[in-house]
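Okay, so we've got the same protein chain twice, two forms, each given alone as structure tokens, structure 1 and structure 2.
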Structure 1
């Protein structure tokens, strides 16, 4: 009602104004203008009026300009301002917390911090907005009512999806050189297979194109791609060998003996190997030098994984502990007891937050490795011999000849049943997800099985980092760039962002040194110097009085703090005593929580 009244009032106001005719100029076509204006809303008329009053000469021009800016229909923009971005998208691109400006800092520092905050916020927003343009969506699998997704067979899935995707489910029957290990290249185009009895093959698995095949005539323990598809490392019975994609032996690295497991750190160009003699060794593949050799003193090392977030190597030991290693330290960074029995397998997710381990005690445990705390513990009747995590966080566990895939392992509630399951022909020996594809590769006693696991792979790749569709030229350029920004092994540590943080300890040290040099503390509070006042108020007595006043003020702050502390202490004490009062003599027989 009030709004209506207001409108009416406004109309009256405008009417009154239009009655007052402006002085007519010879260049004006007032009649036409007025007619058209009366059709449009009140505001344009009033603006015309104001323009009229301010500069009569510019009259027609200004009216035209104003009109041009408005929407012709006279409606308001229904979505004013910039488009909103969902909070979770923004959260995804949040890098660290905001900087607080320290109190009493310089103006220049304040400006610099404010500016950098502004710039990073803009970058975050733009990156979040870019999410809209990503071309692909992740896959999924949903059962009908009363249908468990884990009961859906691979054949059904392969039939249901398109031909290209369906062809991603296949079996390779290789029973002769038995159980197989495998490794997908970083782009997900190439697959390496190695049979325990010496069979090594590399396959372009989507086109089923065999690039090389050979038998090394020795036991093969593990196999890994190096930074490109042109080279791979094979841990053979005694030594570590490096072959090129045609199967030609490039190097035999005799410093690395009895290797059981390998991990390649792509951004550091390092191959980490764990041997039967208990050595963890790092080979820099760009220069061919051994970077570090660490004697772990933990016996045979056949459980190994890398943390893709910070390039720390995780080793599982037969006494149930998991230890974290960097090449810069002879001692483990962290050593944690995870299982009652030996650790059988472990894997770390790509954000470096969660670690999943399985042990001989037939338990599957999920750890938060930033806080080093267990999150969930599951009991698997057969125990998991191999574990693997996909880019989207699906966990696959091999129990005997069954491969189970779990979803949401680190979610709020514990998982009750698997997302998918598949039985292969023989005992599982190797398990790996293909990057950027919904495919899980399983190596087993009777060959190799490629499984379709919808929702496993990251749908959108970054072509500057890993591009499955890169041309030969692009690969060459990528290789040069990647080599130029090879991260030095000294930078491996638990926190990869350490380099971008302020070194607080050394600041304190520097401040101390500065105090020593200057002979006084430049940041210390200045001593109070009373101002000299006139009219006899600057006598020694009054100056002393003023000084006392300030001194008391400071003293009072100290006392206030002390009192607060005391009160807090007393409260704690009283609450404790209350609890004590409730205690009965029989409480001593109760089970202690701690």
Structure 2
């Protein structure tokens, strides 16, 4: 019995020891984990490979390449190719109609026109595709039901908007040297103010920092920024002066005397001035040279504006006409009768399509410059003394001490009431919209007023052209690039795209002269195209010989016909001379056969 118990105990003890797992160290655990991971990964890869092979064998035609990578998928792409572009966006960035290639033009001209059309189409598609990345949208003032937006005051708008936008409504009380004219820089960061009695100030209006301030001690008629915020021009009583941003006088241009109005052409680096003596003068500010001086023969020129699309100057005259001028011609490009009385003010939109004028007949007229025809005519009880158009097409009209803003002036239906209205302290002497801001600057007899006009400014700017947030280094680089890309004044005209078109009249004239010299029309018949032959008879030399042979034969036929016509004409002349030689002076008394 005891022996049996001992054997059973020994057997149980041995089995318990064999079932117990040996203790593993920490380095042995990590190695086992790595091995297990590799084994599982190998298994998954092998299973994936077998699954891929099976799917590939089932769908051999569904394996596609996308961006140089092989995608083993059995499904088809639900949206193949590039994303479609909406037609509205394409029309928004359309760059005119396609050019028609004239008949008989050379191969190089056809290739150049085709290449330019291809590049233009690509740029249009890219601009329309990246339109989604534009961060801002233009907004407008919307009232409640049966609420008129023109009754909303500026104080209410400033209280309703955020602090930064509300600070854009302010008044400068400057009653000593007024009334004031104004001009914003192209970036919209700086403001120029000029009082009638000689006060000139340069302000960074958003931060309210005064850059410079001075009194020129004589009458100031107009003021204008030049290509950067570092220089500005002042039309004083006698001559034209150029100052820098610190108020230091740089130039006194005595050739430009009695200047009343000024316009700066940024892409041509030219300052256009209109004087009291009736002269329109152009000054190239990059070299300091007078480009042109034109006598308009229309008297005092105190109404002036420019077309931003083609840099043509618009002048309003006392006889109710508006004339369009270019520095290349001594006569006006267009002269149109707009009002029954004198023209008081005019302005042109940024696309160069519409022109708005106001006259002493108390009418406000909108013209389509492309057709030179009026679109709408509005009657204002007191007329409009000053006009200004914003980047988004809002029209501001000043009547006495009231400023009215109109929306969609050149739309299909005429405008019945203003979009906004505001009364200032004195009589208005100047209006200007701030670029890229919903702000309208008003210069009047008691100083300056900055109005908030929702929806007036362009929300997205071109950083390569006019960047409001550019640094000093970026401004230097932009100035150098703009000088290198300066447009010559000879290219100013009504149609800026005329340079890229073919002069059809001169082409026909040259073709006619060529026909007279050769004796035949080389474009009248299609060129001979030799057929290809075998056994080495279609080499370049033999093809050229056949072409010349056929050309010589055609030329001989044409020359033969011309010679025959000449001989026939000479025979007719000789027969007429012989008949005249046989007649005598007494033949006139003979009876003629009836």
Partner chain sequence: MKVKVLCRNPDDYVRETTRDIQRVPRNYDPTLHPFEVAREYTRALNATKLERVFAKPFVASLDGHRDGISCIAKHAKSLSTVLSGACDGEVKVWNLPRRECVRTIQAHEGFVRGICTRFCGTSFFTVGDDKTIKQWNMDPPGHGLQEEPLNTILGKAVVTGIDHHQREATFATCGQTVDIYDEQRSSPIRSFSWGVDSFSCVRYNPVETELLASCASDRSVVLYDMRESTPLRKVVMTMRSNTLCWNPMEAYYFTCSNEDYNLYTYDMRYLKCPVNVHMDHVSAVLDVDYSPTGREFVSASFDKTIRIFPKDKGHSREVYHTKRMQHVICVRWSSDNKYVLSGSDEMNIRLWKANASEKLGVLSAREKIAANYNKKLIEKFQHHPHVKRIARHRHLPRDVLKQKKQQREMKEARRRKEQNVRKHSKPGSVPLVPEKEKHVVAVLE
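If you superpose the two forms and keep the largest set of C-alpha atoms that fall within 1.5 Å, you have the rigid core. Positions refer to the first chain, counted from 1. If you're wondering where the values come from, they're calculated on a predicted model, not measured in any experiment.
Between the two renderings of this chain, the form predicted together with its partner chain is found in structure 1; structure 2 comes from elsewhere. Relative to the superposed core, residue 153 undergoes a C-alpha shift smaller than 2 Å between structure 1 and structure 2. If you fit the rigid core between structure 1 and structure 2, you'll see the Cα of residue 476 move by less than 2 angstroms. Shown in the overlay between structure 1 and structure 2, fitted on the rigid core, is a CA shift at residue 208 smaller than 2 Å. In this core superposition, residue 120 moves its Cα by 3.4 Å between structure 1 and structure 2.
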